[in-house]
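The chain that follows stands alone, in the form predicted alone, written as structure tokens.
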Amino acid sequence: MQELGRLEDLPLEYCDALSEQNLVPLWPSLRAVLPPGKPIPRTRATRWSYSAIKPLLLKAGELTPIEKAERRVLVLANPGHGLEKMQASAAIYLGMQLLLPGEWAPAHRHTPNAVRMIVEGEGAYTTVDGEKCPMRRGDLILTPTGLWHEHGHDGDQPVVWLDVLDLPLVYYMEASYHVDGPRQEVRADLGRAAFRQGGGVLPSPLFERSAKRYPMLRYAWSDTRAALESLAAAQPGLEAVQVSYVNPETGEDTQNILGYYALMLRPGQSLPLPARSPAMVFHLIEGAARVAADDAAFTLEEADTCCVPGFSKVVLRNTSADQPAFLFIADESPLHRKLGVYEVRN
């Protein structure tokens, strides 16, 4: 490969003249922005232990009242990007959020898309666009771009969930902002019950589809787990027992930038994944698992989370010989496909 000229090879007065005109020579930095063969990721394979996070999160509940925090979150920051950047990958933000009994996190809406994967606790809820969504372990709740949402807690134990947002990308685009709002009025029936109880049919009054961009906001873990178990039983030879969280009307991804999936590993199963361009996040809902990504490997206990960079060869293994393992996965696939840079390497 041809060696390119360096910045220090240029006369200082020439560099100063460029700077005065807000100009920068490309060739000294060309290999950095267009490396040969594949990207050089800043994202590092990183694991966040829930057993280490939980006491720090509960301590945050003692130190900072919800009125001073608005959203009481510890950000899962990837050291490859710098902890101050508060991002897990180029396009994924992760945070562990705590809501204590009796607390209310006020209504707002914002441009980044968000989902909530419930980690533990009972009695909390998220109200999204007027729909009150109970929060139970393993549930996935959408708070899409532009929709009002707030969190409340009527129970007696702390509730914790994993936030997943496309905040890094929206912030990079200089499109990130929020708007505060009043407490929402909960509406009893918004027509979304038909999607949750679907049975293969969808409401289509006068043969027209719903005008709602997000016809389903809560994906109950009880339903998702049952779907995975049914799939595994029906197809015992199926290698990857995985389902995608989709818009029930269109079959497309639930949101525009990040994709979400649930995966079941049979007892003792080892599952190799192809090297793909998007970064991936793995969150263990139930069981025990090991995630190996190129030169890194992590053992996950329940509620642990890890992130691997794009183009990593990943192997997932259920470390239990007699119990299945269930993982929630988030990745950047929808964004990569829209940009035309999605790639798989075997």
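Numbers for residues come from their place in the sequence shown, where the first is 1. Note that the structure is predicted; figures quoted are calculated from it, not measured.
Unshown form predicted together with 2,5-dihydroxybenzoic acid; subsequent notes refer to it.
Shown alone, this chain has one stretch from 77 to 85, 213 to 221, 180 to 188, 105 to 113 that lies within 4.5 Å of 2,5-dihydroxybenzoic acid in the predicted bound form by heavy atoms: 105 to 113.
Taken together, 93, 97 and 151 are fully in contact with 2,5-dihydroxybenzoic acid in the predicted bound form: each brings a heavy atom within 4.5 Å. Though the partner is left out of this view, residue 132 does not reach within 4.5 Å of 2,5-dihydroxybenzoic acid in the predicted bound form, counting heavy atoms only. Remark: residue 163 counts among the residues lining 2,5-dihydroxybenzoic acid in the predicted bound form, judged by a heavy atom distance of 4.5 Å or less. At a distance threshold of 4.5 angstroms between non-hydrogen atoms, residue 169 is out of contact with 2,5-dihydroxybenzoic acid in the predicted bound form. Though the partner is left out of this view, residue 73 does reach within 4.5 Å of 2,5-dihydroxybenzoic acid in the predicted bound form, counting heavy atoms only.
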